[in-house]
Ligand code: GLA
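To begin, one chain is listed below as structure tokens, in the form predicted on its own.
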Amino acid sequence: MKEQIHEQFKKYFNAEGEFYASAGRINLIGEHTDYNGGFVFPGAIDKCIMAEIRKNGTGKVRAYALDVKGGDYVEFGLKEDEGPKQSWARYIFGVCREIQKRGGVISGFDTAFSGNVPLGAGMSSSAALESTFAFALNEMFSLGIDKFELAKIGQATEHNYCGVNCGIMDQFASIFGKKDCLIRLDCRSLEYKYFPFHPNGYRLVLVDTVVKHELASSAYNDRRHSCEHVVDVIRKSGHSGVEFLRDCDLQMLEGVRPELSGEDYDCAKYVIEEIQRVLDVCEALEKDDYETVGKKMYETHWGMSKLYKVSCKELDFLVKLAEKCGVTGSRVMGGGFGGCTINLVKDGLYDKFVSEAHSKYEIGFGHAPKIYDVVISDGAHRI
């Protein structure tokens, strides 16, 4: 990949630049906990966006995207009204503008970039792109922006220039990722802690359903409303300090059950249990107890399927297949209604599981899934 990027960089700019990269991410456990004040548990992976960059002494950015079909070249300025129309270039422009809004002084640069983070599979290729450029520009222009602010720059780029009202997890993992470690991020305080992840004898495997059902966005809003409603009911029942479901326990939930619809109760039960599962997995990893990690992953999936109701037949099929194959842990990764399952698979079962997932899924749904092996790796860095 590096050689291909440099070949195009040389072709367009007849020069040499510095190489930077930032990773895609997985989330081992902790879904729909972020907007409930809970914990997420991501890690950077060995799939990244890589860019060659150099200052060009002008007020213009000249950028070439290798992965757009046929290649795509664009030039744009750094003022608010000079933004590019191409969606991929909006990520780079947004990072530049968010840096400037924070007082960072940058000028024009040349860049060519490519990546191997699969698109649409829930590994956050957009966050990897934002983080690559935020990290690179911070270093190249000696801006002194701390890592948390770099992650917030990526998040603000999504909000203000790409129309996606995302949380902080994806950019956080892409910037803060560390080889052989997962990161517990407290979504209320933004405190974080690294936990060792060296699953000797196991592999992390993503199985992509290659489907995304249309229910996702409306269902997300419905679930979020359910969680907020339950918090409001619990607060009014005498627990005035409750701000998020993070502040609630199952006893509090049971106390207001007669006042809740079945759907609201189920949603809250899932979230309260999921927040605790993240803590249980952290404790298990400190003991190298990967069997407990796997058990909690299955609990998360069936909670998302039966309580939160954000799974789908394709995802449930793959998780049931994983159980039959003896896979240690399996669950939907991400918001639901399609995308990938994340699987913790013993080395000795890997070939059988991948073969069964491929053949039986194709028979059941008319197309093969995509398989991605991932390794927990470093986040944003200069190469």
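Remember, predicted model here, so these are calculated numbers, not experimental data. We number the residues from 1 along the sequence you see.
Keep in mind the form predicted in complex with the ligand is missing from the figure; the text below concerns it.
Although the partner is absent here, Tyr35 lies within 4.5 Å of the ligand in the predicted bound form, judged by heavy atoms. Put simply, Met169 is close to the ligand in the predicted bound form: some heavy atom of it is within 4.5 Å. Not displayed here, the ligand is kept clear of Gly338 by more than 4.5 Å at the level of heavy atoms in the predicted bound form.
At least one heavy atom of Tyr220 is located within 4.5 Å of the ligand in the predicted bound form. Only one of 24-32, 46-54, 322-330, 60-68 places residue heavy atoms within 4.5 angstroms of the ligand in the predicted bound form, namely 24-32.
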